[in-house]
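Quick heads-up: it's one chain on its own, the form predicted alone, in structure tokens.
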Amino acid sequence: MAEMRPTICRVCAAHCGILVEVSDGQVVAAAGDRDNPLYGGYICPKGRTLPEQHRHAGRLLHSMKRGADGTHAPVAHEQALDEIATTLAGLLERHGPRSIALYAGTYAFMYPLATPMAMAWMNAIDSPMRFVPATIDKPGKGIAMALHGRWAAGPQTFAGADTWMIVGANPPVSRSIGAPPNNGAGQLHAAVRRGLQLIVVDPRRTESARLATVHLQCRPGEDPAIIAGMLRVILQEERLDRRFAAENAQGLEELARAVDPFTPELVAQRADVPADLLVRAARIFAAGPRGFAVAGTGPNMAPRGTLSEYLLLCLNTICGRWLRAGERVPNPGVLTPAFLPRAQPVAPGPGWGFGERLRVRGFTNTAAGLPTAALPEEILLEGAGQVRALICVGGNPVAAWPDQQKTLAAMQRLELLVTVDPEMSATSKLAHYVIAPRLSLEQPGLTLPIETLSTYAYGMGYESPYAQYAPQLIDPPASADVIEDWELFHGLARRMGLALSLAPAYPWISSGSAAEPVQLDMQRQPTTDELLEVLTRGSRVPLAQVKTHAHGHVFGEEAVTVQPKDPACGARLDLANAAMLTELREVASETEAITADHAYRLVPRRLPDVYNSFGRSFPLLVRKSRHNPAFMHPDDLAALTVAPGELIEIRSDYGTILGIAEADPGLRRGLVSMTHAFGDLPGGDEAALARTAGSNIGRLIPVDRDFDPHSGIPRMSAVPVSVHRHAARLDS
């Protein structure tokens, strides 16, 4: 008999509360859950494909082992773990802990135990080589927050905001930043209807930009100049909250001098936005009185992304956009420990220069993690400390990392590559072992990961004390041999005689949490629910209580208010970090010519029906196209005598890819806009591959030039390219 069951969608970081229809042990449909108090019936196209995901013909039902001839064959997961453990033990003995690296990708985030158990295993072997997507996605957030300092009570929220500023993000599509994750599009529309004045900085007229009071449709890569120009207007016109800045920040005068060159006229010339529109945006934001400014992936991938994030924090601080004493705390936590927020700064700390020192280009650990873009070189560079084994959980480096050429060479050089993957992705095709995992409905779920996002970046995570637990709803197919992601690390530890201590750690919380790690009983395999209890111990609301609310619940029965500043607190937010202001002075003096050889700029975008490299194998999600179109302004296509659907060649000074042209009248002229993480292993008919799997932008982007000196992120947006009409045409 069919039954509708509440659960959590784990396709993306939004963690929507949804319903699935289960019949005879099979999921047959997915829909929004109108009884969910936060999501209220919302579901996106990706969530609706849950049934297809579970019965997809390409799903791995058995782990795979690569043979000497390069082909893969099924292997029992117990045998695979035996052999992997033996190889790892040998590498540890011969080359030490640093020879083994971990990459916990975006999809590890969707499963609350995947990353904590992976980190527990890395702790047990004492390897510092842990890499996460943050340093090739939005590294500026963590680093800028460290340099500027945090506000202990958190920012003013989207709910009740009078003005809001989004730089290079589009929450109706990304569903991750710029608006709360529970139906960002609906929330933006509702906020604008109630009077929110929205400022959007984006070279494309996105869904968010179409709602904006002011849209600064700028040249890509000019975000630091635009934000500096807004700071100058606010400071020159005395529109700042001077009392708040005087009591809680330092370096205001230095900041004023640093932004002084960024007159409206200079910014207009650099960014190609009207000077009066820049001034208007600054005045609207400063007037508030409530709101916040956030940035997305685009500015972080562009040159000087950390500077953009830092200047946004300065903008929020001089306008006093932080919660004050006596105000209600919007989310005091549910599955995380209770805390008593105070209206005071948390002192700045180092953004880089601590922890593990890589052998590549002098990189160290950072507030966003180790530089992931340097990992291929750490694998390829011979000598003491060379990385020889990589365990990849929840990621697809060959598709997602910049510099696909170097990534491919690194994957092929490894003595051991292990992936946890539900299908044979581009990376798994190169792996020695592919561990087949259970899918989302075949294991319990929890909203804990998204609750922790506020510790990673302002403007992410829940704005209310909401939580949901989702029990396992269906069993894997009877013939399947699949395990949960965390079981890989527990199984390896048992075989290698290691003890695991579990702490609620996430990639951006390098020190774990205030709770002491719990040493696990290695004599038996725990259940997932037992481990979730360990992960949430000391939480403000016990997990057992969360479980009583099948559709999720907002645990806001007791109001928590911001406490006054501790009289002993001497910390101040830093508006004049020396490294950041040095960068800003460099920006003021630099120019970048648009040359005939590279007359266009390549910028990223998200597509609504896929998430990174996920979803491209599901017919329902790629019914429009299986590729990532190369969007250009119609006039640019006409100038190239290219029609939509035709092939174009896109060339950087490093590589060439083929793209399928598509018209986007909302895009600035002179740009090519494409989605990252498409494509497959190169080779063969590139035109056919562009049509069936898309084009990998990473082939245009070298990691060892034009990169951030601290996070290592290369220039992944505003990339200079040329565009040419390709001789071949695609079949209609």
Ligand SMILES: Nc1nc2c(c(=O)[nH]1)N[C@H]1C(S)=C(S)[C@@H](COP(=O)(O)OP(=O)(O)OC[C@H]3O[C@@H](n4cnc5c(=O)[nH]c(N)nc54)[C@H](O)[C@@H]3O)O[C@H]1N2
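Every value quoted in this text rests on a predicted model; they were computed, and no experiment measured them. We number the residues from 1 along the sequence you see.
What comes next is about the form predicted together with this ligand, which does not appear here.
Judged by heavy atoms within 4.5 Å of this ligand in the predicted bound form, the contact stretch among the candidates 325-333, 97-105, 375-383, 408-416 is 97-105. With the partner removed from view, the residue among Thr115, Ser425, Gln468, Gln156 that has a non-hydrogen atom within 4.5 Å of this ligand in the predicted bound form turns out to be Ser425. Just one of Val603, Ile125, Ala389, Ala367 comes within 4.5 Å of this ligand in the predicted bound form, counting any heavy atom, and that one is Val603.
Among heavy atoms of His148, none comes within 4.5 Å of this ligand in the predicted bound form. In the predicted bound form, Asp202 approaches this ligand with a heavy atom inside 4.5 Å. Taking the partner from the other structure, this ligand in the predicted bound form has no heavy atom within 4.5 Å of any heavy atom of Cys314. Using a 4.5 angstroms threshold between heavy atoms, Gly142 stays clear of this ligand in the predicted bound form. In the predicted bound form, the residues of 365-404 lying within 4.5 Å of this ligand by at least one heavy atom are, in order, Gly394, Gly395, Asn396, Pro397, Ala400, Trp401.
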